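The chain below stands alone and is given as structure tokens, in the form predicted alone.
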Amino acid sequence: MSDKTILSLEGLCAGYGRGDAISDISLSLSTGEALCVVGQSGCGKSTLLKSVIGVFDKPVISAGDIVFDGCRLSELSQKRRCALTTSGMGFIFQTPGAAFNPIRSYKKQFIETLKSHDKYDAKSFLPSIKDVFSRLGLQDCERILASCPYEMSGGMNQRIALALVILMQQKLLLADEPTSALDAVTRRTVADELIAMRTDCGIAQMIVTHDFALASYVADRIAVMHCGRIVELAPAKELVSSPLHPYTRMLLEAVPALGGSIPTFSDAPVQSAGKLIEACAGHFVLSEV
């Protein structure tokens, strides 16, 4: 992990015109680091991500500032900020297909996106995509490019969206519940690809989730959010094993245990047909049929 700070939030307060949904958020994120923000639904996790990217359904920032790649965003015009964030930040939605137009081929959408940021080269386009797809375990590149998102599973759409972030050479990935809509097997695959993106490509990640299993598996650090504020921030293993804040302890106690511990992705890999995988609050509990 690099020591270079790619994102810094300084006392950030933001909302939607009727008070602040998030208050006094101060966080930093280094190149190649993964930070998971964990909390219950409605605590402000998605508002935090939308405040950072500032492109769609954007909250109004009432105080504080965001510094991305050395640029203080409050000092930029909206046009300049949009250009900076869309070229340097990738966004993965909770609904896997939301990143794409469902009835247009991936090839057309990839070309349009790359051209819009002056990153398209006709000669290197296909070789570059084949290389990235291969690293993400996506086979038959040309068939995928000719397909439309509606023809693909949620897991495939999520992985193809990750491929576009790499092709765009973006420095920061913002992910909103990136595995909650996926089955257990694909969930593990996407989690492994998130780890590979930061270790192999140096892409920093801010991931919001309610899932402690995902957070403990992919994150370097975990921030716990409650009522729009960060109440605890610590290295992932330390926070899961020795939480300090009562709210963090309450969340961890609510996680269904496997053998007396927090379930991890290694607890629920591909299961045999004699098992049922039941989703409970975003976590996996195994029960014999």
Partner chain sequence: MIIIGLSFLTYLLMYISPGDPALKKLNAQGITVSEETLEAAREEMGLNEPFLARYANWLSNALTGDLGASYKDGLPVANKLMHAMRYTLILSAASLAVSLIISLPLAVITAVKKDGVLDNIVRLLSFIGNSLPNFLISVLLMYFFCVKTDLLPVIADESVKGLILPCLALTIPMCARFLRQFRAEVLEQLGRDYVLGARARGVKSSVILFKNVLHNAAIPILTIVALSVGTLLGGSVVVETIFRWPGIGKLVMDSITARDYPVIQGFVIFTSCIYVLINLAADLCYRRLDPRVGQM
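Positions refer to the first chain, counted from 1. These numbers were taken from a predicted model, which means no experiment stands behind them.
Although it is not shown, the form predicted in complex with its partner chain is what the next lines describe.
Between 205 to 213, 192 to 200, 123 to 131, 103 to 111, the stretch whose residues reach within 4.5 angstroms of its partner chain in the predicted complex through a non-hydrogen atom is 103 to 111. Of the residues 84, 185, 148, 76, just one reaches its partner chain in the predicted complex with a heavy atom at 4.5 Å or closer; this is 148. Though its partner chain is absent from this view, in the predicted complex it lies within 4.5 Å of a heavy atom of just one residue from 227, 55, 244, 250, which is 55. Contact annotation for residue 71: none of its heavy atoms lies within 4.5 Å of its partner chain in the predicted complex. Although the partner is absent here, residue 80 is not a contact residue: none of its heavy atoms lies within 4.5 angstroms of its partner chain in the predicted complex.
Although the partner is absent here, residue 169 lies well away from its partner chain in the predicted complex, with no heavy atom inside 4.5 Å. In the predicted complex, its partner chain sits within 4.5 Å of a heavy atom of residue 116.
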